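Heads up, the chain below is alone and in the form predicted on its own; it's given as structure tokens.
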């Protein structure tokens, strides 16, 4: 059992000081935050569990713990901070860190908690997830006792290989009708409503073309409702929960994995913004209010490691903080809007400063409303890309090296947005739950120019078949031709298919 160590008195004073500075002087608004002191083994253990001290039993947590421990022992990595989106939030300080490390972590944590509390994409997450995770763990341990560890872990493996097949925006958008069908109000039974009119005026007030058009729409609606599902379903896990022939314990485990996938989704959707926000504030709070002169050099050393990005790597901390600072400067100087966009004199542009002082207000607004995709799309400008020496790169088969492909702003932005949209993963939908009228499952890959990786697709089909318990299929495009990938529980098949985009 994990032993919670007492936070030393001098660190408690520092936590209180940074808390007051962050809240009172800079206006950060965070949940109550509870800090715990842990040694590096405990830190690796908690990190392996995704930041939660108590979760369900599964072999992958042990594997991740070993990886973290080995990486830490060989000096390849170090976990500086960990914080949980919960109310109250929990954060961990590593025993043995020097004082400047601890101060950096504490300020960084308060900014993260401010982001959790105020960013829109975290607004639907469970704020009592620590308790919920413990509840998940208790339920799965009961299934282990009754069914055996191998059976339960095998099914968890299956569910985890499907946990990215969810609709990341569904917590915010109602995509499904709560009432799919009402047998008392079948479209076929309905009559086309007509305006009252005398017989001799009817053909003018209710033209036949209009009536025929409405009949056609009702017929299409009736045909749509006959489909299963009526519309393509992006939340594949939900569709499986509602329609797959699962035993009770299997359905419960699938629902747990799905719930946790939705809980962690906003962290993936806002990685650049969240880390950039925390880095922005730890730098400002420490350098302007907390550090002594003697600590500045140590902080610069720590911060440079956080901001470091190797050649060809995207560092979310560095990109995020640079964009926030660019937005703050632009809104302070009035470098936005129609007047600014129409300036084509370079000297006038470089000297532009309307001294509006709106930068701080603007970055708080951005932190509240945006995710990484909209953040980059809205605020990353050509000037920003040029100043930060951004470029795209790719593998050159002739030279066998990774090389710069382009410094063109449009290509840089497109590539970055492609990587961030749906986390760079293919868009997969349930198209038909009764494919070939044999109860087979048909998925659709919404093709955006990137083909499916065949080995990954086969692995996912195998997992789907274990849940659906009937043959499963996915339609996609390969070499510019429609292809149907199928798995019947024994063999994988590939056949030509008429691909029609949905």
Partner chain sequence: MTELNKIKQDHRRFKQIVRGKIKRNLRKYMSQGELTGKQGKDVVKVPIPRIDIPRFRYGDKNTGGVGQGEGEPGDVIGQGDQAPGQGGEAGSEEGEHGIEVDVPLDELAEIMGEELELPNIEPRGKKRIETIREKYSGLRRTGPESLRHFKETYKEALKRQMALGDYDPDNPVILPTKEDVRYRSWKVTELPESNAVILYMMDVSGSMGDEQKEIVRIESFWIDTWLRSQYKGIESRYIIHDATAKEVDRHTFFHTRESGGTMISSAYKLCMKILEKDYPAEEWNVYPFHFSDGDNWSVDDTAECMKILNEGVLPRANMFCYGQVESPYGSGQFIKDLDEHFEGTERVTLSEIKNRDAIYDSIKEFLGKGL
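Positions refer to the first chain, counted from 1. Nothing here was measured: the structure is a model prediction, and the numbers come from that model.
The same protein also exists as the form predicted together with its partner chain; that form is not shown, yet it is the one meant from here on.
- A heavy atom within 4.5 Å of its partner chain in the model of the complex is found for exactly one of 216, 360, 194, 141: 141.
- Checked against its partner chain in the model of the complex, the residues 171, 96, 424, 207 give one hit for a heavy atom within 4.5 Å, which is 424.
- Although the partner is absent from this view, residue 271 contacts its partner chain in the model of the complex, with a non-hydrogen atom inside 4.5 angstroms.
- In the model of the complex, at least one heavy atom of residue 391 sits within 4.5 Å of its partner chain.
- Using a 4.5 Å cutoff between non-hydrogen atoms, residue 242 does not count as a contact of its partner chain in the model of the complex.
- In the model of the complex, no heavy atom of residue 439 sits within 4.5 Å of its partner chain.
- You can rule out all but one of 242-250, 123-131, 153-161, 336-344: in the model of the complex, only 153-161 has residues with a heavy atom within 4.5 Å of its partner chain.
- Contact residues in stretch 389-412 (any heavy atom within 4.5 Å of its partner chain, taken in the model of the complex) are 389, 390, 391, 392, 393, 394, 395, 397, 400, 401, 402, 403, 404, 405, 406, 407, 412.
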